[in-house]
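Before any questions on how it binds or moves, here is one chain, the form predicted alone, in structure tokens.
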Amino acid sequence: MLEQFKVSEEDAVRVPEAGLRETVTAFFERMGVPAGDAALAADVLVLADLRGVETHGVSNTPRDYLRGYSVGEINPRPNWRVVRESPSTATIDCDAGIGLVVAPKAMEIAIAKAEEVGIGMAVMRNGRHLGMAAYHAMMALERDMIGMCMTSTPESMAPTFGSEPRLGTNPVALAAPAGREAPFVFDAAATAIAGNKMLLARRLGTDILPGWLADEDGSPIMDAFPAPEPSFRGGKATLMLPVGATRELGSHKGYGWACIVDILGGIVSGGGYGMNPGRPNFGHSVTAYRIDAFMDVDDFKNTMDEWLETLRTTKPAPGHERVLYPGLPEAEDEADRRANGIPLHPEVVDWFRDTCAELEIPFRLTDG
């Protein structure tokens, strides 16, 4: 994540993982979520913060989840079910259940199918937000599998040459195991900027950079400007641009990426696509690939190590300290934050304190 989206060490309040996990679990339980599901949902959020993915951790999304439960958009006790199945596939109706809970269970189904036939895929319809897509992809790592996750989200992106939102941020995540190197974990939206980054930018007072958003007529904004309140928080309609921003810079690639996710994460589930009327239902897809169905696992990990080390030891360009690969900075953040606490912005800590008081939950994030 760009430095401009990170809370500075001078401002950060380091909170213990255990206290944060306990508090977030209690939030979900207060919304009527069963204890086991509440702990699972909290695990998805806290792991995001441990890995430095603040966009999908506790700083932003719990506020939207609590509102969603309170107005009936999210079902706290969904009767999710498999509605179509084959030896390698499953289609799941989430019954308006939050993806933080249903998607991990769907990935367990996909993993079980991959154990049997080599590849397993589960698609979900009538779902809700699933948090950090990498969480669900990474579940496959412990089983010596490659994991993949994608989610078709409500419309916020204008297609190339368009002036109206037609696709979501539509992220894709892929996780592949290695041996001595940190696993490869890629997780990114098809938009030039993830929607929740606008919330981080507003909190930190940093600008939106050129090529991230468009104005009302669809023209890319190519100057920096203060971050707006995103439309999903009640702000003025926000028109996001695909990765690439303009056709000349490759926006057709981000646009096409988002279309692929609408197909594999939405349409094939039977739940439609991001701009369907009646959203905020999301469509999700998780896939597990059993490595030893293709090659020896040790050979795969050894080759991954060689490849990742080659990337990591690439000579850096002037002005840069080193070359990274997807998953390496997150693994480093996780090691630091498990040992030294998770850095939160003071505004986030204040929100937790106020929400704990409102829900009559003990505040255990800090000693103060």
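This one's a predicted model, so the numbers in the text were calculated from it and none came from an experiment. Each residue number is its position in the shown sequence, starting from 1.
There is also a form predicted in complex with a further copy of the same chain; it is not shown, and the following applies to it.
R202 falls outside the set of residues with a heavy atom inside 4.5 Å of a further copy of the same chain in the predicted complex.
The shortest heavy atom separation between E334 and a further copy of the same chain in the predicted complex exceeds 4.5 Å. Proximity of F294 to a further copy of the same chain in the predicted complex: non-hydrogen atoms within 4.5 Å are present. In the predicted complex, no heavy atom of W80 sits within 4.5 Å of a further copy of the same chain. In the predicted complex, every residue of the candidate spot (M148, T191 and R247) has a heavy atom lying within 4.5 Å of a further copy of the same chain. Only one listed stretch (72-80, 213-221, 126-134, 96-104) carries heavy atoms within 4.5 Å of a further copy of the same chain in the predicted complex, and that stretch is 213-221. Interface residue among A182, M139, I109, C259 relative to a further copy of the same chain in the predicted complex, by the heavy atom within 4.5 Å criterion: C259. Interface residue among L50, A26, M304, L66 relative to a further copy of the same chain in the predicted complex, by the heavy atom within 4.5 Å criterion: M304.
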